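This document starts with one chain, in the form predicted alone, laid out as C-alpha cells.
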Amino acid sequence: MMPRNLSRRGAALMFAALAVCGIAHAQAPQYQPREYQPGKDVVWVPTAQTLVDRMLDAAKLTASDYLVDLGSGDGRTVITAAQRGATALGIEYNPKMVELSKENAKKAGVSERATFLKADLFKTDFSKATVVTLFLLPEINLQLRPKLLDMKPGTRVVSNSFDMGDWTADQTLDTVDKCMTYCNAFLWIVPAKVDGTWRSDDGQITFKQTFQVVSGTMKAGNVLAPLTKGRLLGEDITFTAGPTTYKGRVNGKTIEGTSTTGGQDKPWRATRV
C-alpha cells in the first residue's frame, strides 16, 4: 500500500498539473489569419465591413432570406447577414477559419442563424440559397457561373471586386468609405430561362436569350416584328414588338402580364411551345 503522505503528495501534484493545463488551455491564443495567406482556391483578404453592408443592402437582404457565402473566411458576411435576421451559411475549406468563424458568431450572439461548413465550394450544394455572396477570382467565378445561372430565378448574387465575364452585372457598387482595397462589388439577379418559341395572344414569339438580355421576333400572320428593349430581371420580363410594350412574369412554361399599345393596357399571356 502507498504511504498516506505520499498519496496526498501525489494528489496535490496531480491537481496542480491539471490546474496548469487548464490555465494554459484558457490562455491559448485565438487563431489569427493573415491577409493574403494561401487557401485552396484563393488567398484570403478580408472584405471591408462597409462593403459587406453595402453588398447586403444591394441584395435587399431580409429576414426571410437564406444567404450562402462561398469562401466565407472569418465569417463576417455570414454573421452580418444573421445580425439582420437572415439565415446564413458559410462554406470555407480552411478548418481553422471555420472554427474562428464559429467563435465569432458565438461572440456576436447569432450562432443559431449563422453556421459554417468545412467544405469544397465546388462540391457543395447551395442551390437553396436566395442570396449568394463571394469574394473569389474571375476564373473561379466563371467556373461557378453555370451553377449560379441554374439557381432559382430571382436569386441575388453579389461578388466583391470580380465580375462574371460577359454576364454583365445588373448593378455595380462603387467604392465605399473606410475601405482601402477591393472596394467595389457587382450584383446579378439570376434570370428566368425563356430562350425558344412561345405562343402568345398576339402571335408567335421567338426569344433569343443572352443571360438577362432578350432579343428575337414576334410573328403575327405575315408580319414579323423584331423584339427590342428586351430585358429580364429575375422572373420579370419586358420587351417591345412594333408599337406594343410587353411586361410579364415568367412562371416556368407560362408568362403572364400586360401589353400596352397607345396608352391602352390589356392582359397578356404566353406559353412555351
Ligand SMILES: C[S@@+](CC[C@H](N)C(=O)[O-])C[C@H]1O[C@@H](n2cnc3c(N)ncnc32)[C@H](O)[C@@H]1O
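It should be emphasised that the depicted structure is a prediction, and the values quoted were computed from it without experimental measurement. From 1 onward, residues are counted along the sequence shown.
Missing here is the form predicted in complex with the ligand; even so, the following discussion is about that form.
- Though the partner is left out of this view, Val42 does reach within 4.5 Å of the ligand in the predicted bound form, counting heavy atoms only.
- For Arg76, a non-hydrogen atom is located within 4.5 Å of the ligand in the predicted bound form, even though that partner is not displayed.
- Mapping the unseen interface onto this chain, Pro46 counts among the residues with a heavy atom inside 4.5 Å of the ligand in the predicted bound form.
- Within this chain, Gly71 lines the site of the ligand in the predicted bound form, having a heavy atom no more than 4.5 Å away.
- The candidate site formed by Glu92, Asp120 and Phe135 is fully in contact with the ligand in the predicted bound form, as each residue has a non-hydrogen atom within 4.5 angstroms of it.
- Heavy atoms within 4.5 Å of the ligand in the predicted bound form map, among the stretches 59 to 67, 32 to 40, 221 to 229, 243 to 251, onto 32 to 40 alone.
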